[in-house]
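Taking the form predicted alone, here's one chain by itself in structure tokens.
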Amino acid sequence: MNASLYLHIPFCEHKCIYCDFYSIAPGDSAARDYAALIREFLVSLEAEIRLRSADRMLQCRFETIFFGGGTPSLLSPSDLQRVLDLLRSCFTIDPDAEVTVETNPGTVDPEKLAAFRAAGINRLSIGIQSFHEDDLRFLTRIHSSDQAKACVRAARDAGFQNISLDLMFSLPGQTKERWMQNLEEAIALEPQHISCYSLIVEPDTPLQRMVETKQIATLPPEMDAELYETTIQMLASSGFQQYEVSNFARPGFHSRHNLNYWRRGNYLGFGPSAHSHWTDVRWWNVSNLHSYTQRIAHGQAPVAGEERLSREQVVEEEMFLGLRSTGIDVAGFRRRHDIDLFERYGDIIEDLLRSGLAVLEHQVLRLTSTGYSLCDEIALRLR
């Protein structure tokens, strides 16, 4: 049984207007001495890793490690190297493990990227979002378009052969032509993986307040759908395989870490707000750095809550995640849950196949590109 490790690094140079992930920026009231806060966090993170590794029930072979955030590329290469060394001493890590660091172009230079590679990081997920300067200003990103392009080139020069780019569409006022320009710029940089996300107005973010006060207007759903269809078509024509609603990869470069999530695999999360899943039990850490460090200092797991999934929840989750990614193995589903999908949902499945929203290949039911755009609605029909 293989599994994954996730480490939440809760620091950002600046908090973007759309982001609802837990993080602290230098200007926040909780930030105090920012460098000292990072040092304190790293001590606690290492203590949490040691604490979890003592649980023999959580021992297996781990095949992916993912540093997310926040902006983990704010950390120094030596910080990341120390954490990786500790993980390898506490857990059994595959020699060819996929090790990803989310990277903001405004936080790295060629020397730092080369040091990341030397530390054992072999995959970068670079948060570009847009190649248009006005979009970057609106999103309050800290980098420019030129910096983004230079970051990708420097990563390749540093020896990275697995580079993913994040882009965002459905920005206020965005046209199809402007979005196509973004995709063309991304494709020209020759990454191995591209993730494309529609701008979501999350609760309690500056973006939500801008929408509520009518400072901006979101794009209508039909325009969002058109931009998504354009994404699928352009990336497919450039050799990218869509293997999840928002993710596209060159052959052989699917994100192994994300695939483990979508296949309901086991994973351990470390850091404030990090989530874990192990044999149908989920738990999540406190979303407050002070509470996190205090609990760790007292030898306590920083867990805020836990949930044991019912059989019905497992079935529903497996179907939803399977549909939004690589599909549902019909025979395997029957073995695991004693449920014949065609007996239970035969009419709905036949309608999906007939309308071109799904295909059945080698007994795997998966959505087509058209079906991906209606994934949530299809999942509701199969509940």
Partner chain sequence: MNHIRNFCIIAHIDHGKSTLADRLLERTGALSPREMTTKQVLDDMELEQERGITIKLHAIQLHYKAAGGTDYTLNLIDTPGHVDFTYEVSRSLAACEGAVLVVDATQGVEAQTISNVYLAIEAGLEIIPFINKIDLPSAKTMMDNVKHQVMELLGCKEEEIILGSAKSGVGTDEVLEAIVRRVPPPQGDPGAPLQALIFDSIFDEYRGAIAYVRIKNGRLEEKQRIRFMSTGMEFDADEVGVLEMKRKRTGSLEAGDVGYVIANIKDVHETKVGDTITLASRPADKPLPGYKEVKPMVFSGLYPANSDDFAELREALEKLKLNDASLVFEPETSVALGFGFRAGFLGLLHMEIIRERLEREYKQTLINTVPNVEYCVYKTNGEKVIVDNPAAMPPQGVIERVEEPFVKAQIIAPAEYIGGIMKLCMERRGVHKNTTYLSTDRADIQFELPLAEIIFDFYDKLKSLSRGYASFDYDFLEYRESDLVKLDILLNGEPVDALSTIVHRTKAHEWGKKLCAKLRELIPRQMFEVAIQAAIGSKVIARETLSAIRKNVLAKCYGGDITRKRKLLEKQKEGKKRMKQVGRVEIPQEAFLAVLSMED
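Small disclaimer: the values here were computed from a predicted structure and weren't measured. Residue numbers count along the first chain shown, from 1.
This protein has a second form, the form predicted in complex with the partner chain, left out of what is shown; the following refers to that one.
For the marked spot (13, 44 and 94), a heavy atom within 4.5 Å of the partner chain in the predicted bound form is absent from each of the three residues. Stretch-level contact analysis of 81-89, 306-314, 104-112, 143-151 against the partner chain in the predicted bound form, using heavy atoms and a 4.5 Å limit, identifies 306-314. Contact check for residue 51: every heavy atom lies farther than 4.5 Å from the partner chain in the predicted bound form. Using a 4.5 Å cutoff between non-hydrogen atoms, residue 321 counts as a contact of the partner chain in the predicted bound form. The partner chain in the predicted bound form comes within 4.5 Å of no heavy atom belonging to residue 134. By the criterion of a heavy atom within 4.5 Å, residue 351 is counted among the residues contacting the partner chain in the predicted bound form. The partner is absent here, but in the predicted bound form a heavy atom of 246, alone among 192, 218, 246, 174, sits within 4.5 Å of the partner chain. Checked against the partner chain in the predicted bound form, the candidates 58, 341, 38, 357 yield a single residue with a heavy atom inside 4.5 Å, and that residue is 357. Taking the partner chain as it sits in the predicted bound form, the stretch 368-383 comes within 4.5 angstroms of it through a non-hydrogen atom at 372, 373, 374, 375, 376, 377, 378, 379, 380, 381, 382, 383.
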